[in-house]
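What follows is one chain in structure tokens, specifically the form predicted on its own.
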């Protein structure tokens, strides 16, 4: 095999809670992560050295300052890591066809890195299983192991402890992202300054629903939560306004993903979600808006 092409799916956080903090400063999470059908395409070809090219298909802030074409890119770092691990002297030519908005709370960089790890394992016939790939992935970023496994999972620790879950029942997702970049570090620092009260373990509740008998859109929507939303929405009130607008347009539930600024709404009806998407584009003409769906682990190629 001399070349390979892989879809790298985005993720949203159906729940995101912070349960503590390690001595080294890393926050401990409890989050149900879900892949969605917005994806980058990662092309890999055997080469003597590592090279990377970014091709952007939308206007969602995907400049080379945001998505660099050199060793700063996590996809490049993934290639270096696995080639070194395998003792391979050759390299790889990487072309990232970017569709996932950058700096959006959608794991766009992490899913590209996961695709590079999986792709190079196939390209060079390494035969690394998902466990081995996840061991490498966590060295690159907390979301990378999930992006390797795909589908739906409860993520704990710093994101490295994963429990694979059955995916929710079918829903239509409206995804929107304003052309602003949110600093994840600043969001977590602002969260640390808050007085946090006890709250219901909605991650656990949704896990039980998915494990027992699946969860329909109403059940999932009743469990949506993100402890970082308050912090990010203080900085960008429009994020909360967008979530509210989605509910007005018929979403069963709407929430910010990750540290933001992306917002998603869950809809039961295809006609309704498409009308809502058109309305959001009119209300927020500068936003990236699209309709997508859940991706199960078996679809994560």
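Numbering follows the first chain given and starts at 1. Remember, it's a predicted structure, so these values are computed and weren't measured experimentally.
There is also a form predicted together with adenosine-5'-triphosphate; it is not shown, and the following applies to it.
A heavy atom within 4.5 Å of adenosine-5'-triphosphate in the model of the complex is found for exactly one of 140, 134, 165, 103: 103. In summary, among the residues 228, 174, 120, 107, the only one with a non-hydrogen atom within 4.5 Å of adenosine-5'-triphosphate in the model of the complex is 107. Stretch 71-79 is the answer when you ask which of 71-79, 150-158, 84-92, 206-214 has residues with heavy atoms within 4.5 Å of adenosine-5'-triphosphate in the model of the complex. In the model of the complex, at least one heavy atom of residue 67 sits within 4.5 Å of adenosine-5'-triphosphate. The shortest heavy atom separation between residue 184 and adenosine-5'-triphosphate in the model of the complex is within 4.5 Å.
In the model of the complex, residue 220 stays away from adenosine-5'-triphosphate, with no heavy atom inside 4.5 Å. When adenosine-5'-triphosphate is considered in the model of the complex, residue 96 lines it closely, a heavy atom lying within 4.5 Å.
In the model of the complex, just one residue of 1-20 lies within 4.5 Å of adenosine-5'-triphosphate by at least one heavy atom: 11.
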